[in-house]
Ligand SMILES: Cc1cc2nc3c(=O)[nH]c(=O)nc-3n(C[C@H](O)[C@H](O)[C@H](O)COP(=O)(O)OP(=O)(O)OC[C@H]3O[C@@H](n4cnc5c(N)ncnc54)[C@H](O)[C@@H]3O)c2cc1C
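Here you get one chain, nothing else, as structure tokens; it is the form predicted alone.
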Amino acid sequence: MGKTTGFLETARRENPYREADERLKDFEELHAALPVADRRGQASRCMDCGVPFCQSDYGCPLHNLIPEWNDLLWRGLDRAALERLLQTAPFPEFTGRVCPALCEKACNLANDGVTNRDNELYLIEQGFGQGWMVPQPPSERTGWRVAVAGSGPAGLAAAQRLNRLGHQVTVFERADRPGGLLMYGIPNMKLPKAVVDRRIRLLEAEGVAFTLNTEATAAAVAGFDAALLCGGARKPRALDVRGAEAGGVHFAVDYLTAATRSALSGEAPAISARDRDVIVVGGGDTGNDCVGTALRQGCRSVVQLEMLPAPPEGRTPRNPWPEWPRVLRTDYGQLEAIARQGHDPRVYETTVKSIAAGPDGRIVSLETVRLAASASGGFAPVPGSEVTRPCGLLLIAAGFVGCDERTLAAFGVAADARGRLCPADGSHHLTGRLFAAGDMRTGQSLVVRALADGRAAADEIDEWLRRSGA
């Protein structure tokens, strides 16, 4: 697949970031596109490897036919390449922007893997730009109605699949816009909301109905033949420290949601970092998004706390290829902080010990403490390592601990010890006509995994409907 000697002749080259000083002035897209000739050169690097780990479980939860569409892209057959991509990938415009590209790390080129994420983004944007992306309503309807609760990645993927199988699908979304975390959990510069809206319009044209500002309940879906819960792992992990009730302490998703609403409306954000010293608790993708958002809002300073030690710069013997490399990565927000502040915002092996508020009840500072590995296998505070840091806005991006209790109560279902709706047999079927998919079933994970799980749930529902006759 690809040019036989392409990987020897052409160096890996990703879509370049816009200059930091330029992109910090707005919430527009982070990257610029490569010229088409260069994009074909990147596709030519896909080897005739014989064993494409990129499309294995290590590389792609969707099992995209990566060598095949890379070969077509290199040959200039863009439409055929897109058709091959869309056989397995429901929304390449999302994964082409926010997927961590597990496939690239599983590539036989190892650290110089093929730029599959950028390649698929090029193909889908060509599809929309050239008018190839047209509605694909089913040729006939089955007569069965399916409710999908939640319009995040899993919900949208399931809705698309169920609709194309001929079922009448209605998606219930509690927010004022569809998209779930794609709309309000991921900043506009990382995933433009016009891109999400574009896909929603296409789904509507194919026959999917969206009911907004509506909480999905057992009563709301009573008239449907099956219901799929895709509400995500919405319950955030809180800080159990003195002073956590102070004003100016917010969960990351609430902050990012306010920032996106502001970017869409042009109004001032309900939660702003302007002229504040910002501290972000959590070193993952969401924490990085908070750093980038705070910088765009004009914060005075930003610090990102991480409980764990800094990862190694390269793979260790216990983390071999083609596993995902657990190595040090510096993402766009951290790069922007370095450009703006002159130093990396991350402080490792550190957590919050207490929070101090001013007379108005709003946070003014916090005390951090260093952590060290304990004999029990966890982490323990290091005596005498406390540091008081100024803080006018504390953002908690420490992950999620399971399903939202309102959804559980609304459908009379119970989560497992990890907060998941995960049947013991590994299926998506909870009880009766009720199913679950995405982070609600698997726990907090990646967009691409949620897409794959949503599609798998749709197939399971389709089989159940046809077998049972609903």
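So that there is no doubt, residue numbering starts at 1 and follows the sequence shown. In this text the structure is predicted, and so the values were computed from the model without any measurement.
Same protein, other form: the form predicted together with the named molecule, not shown, and the subject of what follows.
Contact annotation: Ser445 falls within 4.5 Å of the named molecule in the model of the complex, judged by heavy atom distances. Not displayed here, the named molecule is kept clear of Ile461 by more than 4.5 Å at the level of heavy atoms in the model of the complex. For Asn116, no non-hydrogen atom is located within 4.5 Å of the named molecule in the model of the complex, even though that partner is not displayed. Contact check for Thr286: a heavy atom falls within 4.5 Å of the named molecule in the model of the complex.
Partner proximity in the model of the complex, defined as non-hydrogen atoms within 4.5 angstroms of the named molecule, places exactly one of 202 to 210, 356 to 364, 129 to 137, 253 to 261 at the interface: 253 to 261. Contact here is defined as any heavy atom lying within 4.5 Å of the named molecule in the model of the complex, and by that definition not a single one of Pro52, Glu68 and Trp321 is a contact residue. Checking Gly152, Gly333, Pro345, Pro90 for any heavy atom within 4.5 Å of the named molecule in the model of the complex turns up a single hit: Gly152. The single contact residue among Ala294, Cys230, Cys107, Ile279, judged by any heavy atom lying within 4.5 Å of the named molecule in the model of the complex, is Cys230. Interface residues of 197 to 235, taken as those with a heavy atom within 4.5 Å of the named molecule in the model of the complex (partner not displayed): Thr214, Glu215, Ala216, Cys230, Gly231, Gly232, Arg234, in sequence order.
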